[in-house]
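Okay, so here's just one chain, in structure tokens, the form predicted on its own.
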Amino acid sequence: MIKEIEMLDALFKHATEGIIVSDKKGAIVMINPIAEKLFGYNKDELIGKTIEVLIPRRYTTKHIQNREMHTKDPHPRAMGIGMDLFAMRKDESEFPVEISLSNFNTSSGEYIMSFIIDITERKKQEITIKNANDEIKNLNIELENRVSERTEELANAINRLAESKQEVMRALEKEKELNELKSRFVTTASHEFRTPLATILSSVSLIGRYNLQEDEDKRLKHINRIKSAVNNLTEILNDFLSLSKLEEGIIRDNPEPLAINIFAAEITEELKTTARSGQKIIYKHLGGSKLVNIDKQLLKNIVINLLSNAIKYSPEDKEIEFTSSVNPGGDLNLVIKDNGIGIPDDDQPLLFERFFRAKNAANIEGTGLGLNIVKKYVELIGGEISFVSKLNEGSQFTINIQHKDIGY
């Protein structure tokens, strides 16, 4: 329990965005170090004051009205969609922000958690890109006017400038893609961290109420909720770290002799503890040599990810089939088949894209990175991954990894 509380405290203190917790009347009750730094206050100066102290004066009245409306109908949301939002520091200087809200209840009442990101640099980039676009437009107008007045020599010069323009446009398009990727990363991380953090905060608050011996079951219930939320946070962090390491080329393929039947049986047994009520994971080695030459850790990451997905996207009391086989040429084949929700036909071409979530998985926890990482791992060890899926009937993922000499 102490460990989970320490992890919660560390997550709150070391979050990369500002976090402020206020009660339903707008009074600030908690603030993390990043928020203190953003606004130039220390926490003792803000605890007990209303959130409006951090809002530019011209928006105070409207903000109070919006806060009261949100209190009447609380739900997680982003603030000011389509609008420019500003916050105010202690020295009354203003800066642009992106804010999202999440509500939770504890034994002491209702609270609102505000996640705050300073987007000053993003705004500067937008202005830079806009200025560059304006310059390109002006250059086009100038070039078009000169074309009608100049000789063939000048026309050739304009063609060269047009080629330069295309290079600039390609660079701007690349910059736009990078900005969109960064924005999707921040949005995904913020959303995925918010739910387990709110669960942890709620359970920690409620545990304090159960101090009698007969309340042991209730305490254990909330401790298990905290453990589950922390495990979820760990999985999210692992996804982001794995993606980062893959992008940087840090991860290498280090094959070694491996008894595939023992390896697969151990993973199957390990994941049975995470299965839902009545779910069964059935493993079989269908034939061929049981000894392969492969990177054990990378293969473990691949299999655990696919089996975890099969568990996550399958209902209770369903079987999950896991088979291995080695063909006469020495190629390893792994098949994981579930009887879950399946993948809509329109979503299947995008399944391995980064951050992609199928429409029917929107309410299930996940970052949209798992299958993208799996595909990269499979390719890193010289394999291929494919799948077939039918909506509401299940999915089957097949991995083929080419033979590497081992001496069978």
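Owing to the predicted nature of the structure, the values given are computational and were not obtained by experimental measurement. Sequential numbering from 1, following the sequence displayed.
Another form, the form predicted in complex with a small molecule, is not on view; read the next lines as being about it.
Enquirer: Each of 338, 343 and 356 near the small molecule in the predicted complex, meaning some heavy atom within 4.5 Å?
Expert: All three within 4.5 Å in the predicted complex.
Enquirer: Please tell me whether any heavy atom belonging to residue 371 falls inside 4.5 Å of a heavy atom of the small molecule, as the geometry stands in the predicted complex.
Expert: Answer yes; at least one heavy atom of residue 371 falls within 4.5 Å of the small molecule in the predicted complex.
Enquirer: Report whether the minimum heavy atom distance between residue 309 and the small molecule in the predicted complex is within 4.5 Å.
Expert: Yes - in the predicted complex, heavy atoms of residue 309 and the small molecule come within 4.5 Å of each other.
Enquirer: May I ask you to state whether residue 351 is within 4.5 Å of the small molecule in the predicted complex, using heavy atom distances?
Expert: Yes - in the predicted complex, heavy atoms of residue 351 and the small molecule come within 4.5 Å of each other.
Enquirer: May I ask you to check whether residue 361 falls inside a 4.5 Å heavy atom distance of the small molecule in the predicted complex?
Expert: Residue 361: yes, in contact with the small molecule in the predicted complex.
Enquirer: In terms of non-hydrogen atoms within 4.5 angstroms, which of the given stretches 120-128, 272-280, 89-97, 311-319 touches the small molecule in the predicted complex?
Expert: It is 311-319 that comes within 4.5 Å of the partner.
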